[in-house]
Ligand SMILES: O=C(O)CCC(=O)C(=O)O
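Next up: a single chain in structure tokens, the form predicted alone.
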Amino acid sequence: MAHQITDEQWEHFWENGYVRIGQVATDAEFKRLQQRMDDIMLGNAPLDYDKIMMQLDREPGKNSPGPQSRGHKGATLLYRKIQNLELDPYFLAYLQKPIFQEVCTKIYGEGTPVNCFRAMFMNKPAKEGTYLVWHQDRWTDLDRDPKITIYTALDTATIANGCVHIIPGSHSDLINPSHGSGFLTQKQIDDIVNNSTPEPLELKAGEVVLLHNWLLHSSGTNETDIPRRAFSVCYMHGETKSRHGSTFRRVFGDGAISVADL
């Protein structure tokens, strides 16, 4: 499926911190991703689950998410997060599509190697989900902030089923640079969010949106019988260093991981 981002779309991104790209997978590819995600949750995918980070939406017997750790947590569709999906051939092939390389080249520069900071499934199961407070995505463990996330709706995302809300134009500065994960204090939420006009980022199943990582965003719970699943990939400059010694898989440039490597 040929696809290219227009100059007008880039102008919208620079000004607002996000832009809708549309569907970049074929219908058949997209259906395979949807099914693959269910297979991973149900334990039916031929993966090394000991390398996959998984978190249940609700810890058994508690009203809060379970721990996020490596390994399968049981055959259920009630997962909240699943990370390291660059180790799955279906999701790796998707996140390495040429249009995503085009985006990374525009953001990081021609010839710059690009690594995957995280390739993550996010889910708000039917009648479930965890409220996510307003924040910017950033990580003080790194010597430079990853700039972009590419977010693909695996289901239709609506206000009712917990779609992401954003504040367009809020990506120009870090609001709370001393906080390692970019979350706002309650006072900052009151001062900034309540004096802005949050926009619900409703998406069709298969639709892709490019997000600046500093764009303020939040999401609610799912009040419907329809899950709100998404695949989110954060691309980082390939020379980024972790102060804790973490390493990241290259996805574009010399030494990039390929489906044949898996």
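Being a predicted model, the structure only gives us computed values, none of them experimental. Start at 1 and count along the sequence shown; that's the residue number.
The same protein also exists as the form predicted together with the ligand; that form is not shown, yet it is the one meant from here on.
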Pick from 86, 128, 155, 137: which has a non-hydrogen atom within 4.5 Å of the ligand in the predicted bound form? 137
Ok, 164, 148, 119, 114: which has a heavy atom sitting within 4.5 Å of the ligand in the predicted bound form? 164
Based on heavy atom distances of at most 4.5 Å to the ligand in the predicted bound form, which listed stretch, 44-52, 190-198, 62-70, 217-225, is the contact stretch? 217-225
Should residue 184 be counted as a contact of the ligand in the predicted bound form, where contact means heavy atoms within 4.5 Å? no
If you check in the predicted bound form, is residue 124 within 4.5 Å of the ligand, heavy atoms only? yes
Report yes if any heavy atom of residue 132 sits within 4.5 Å of a heavy atom of the ligand in the predicted bound form; otherwise report no. yes
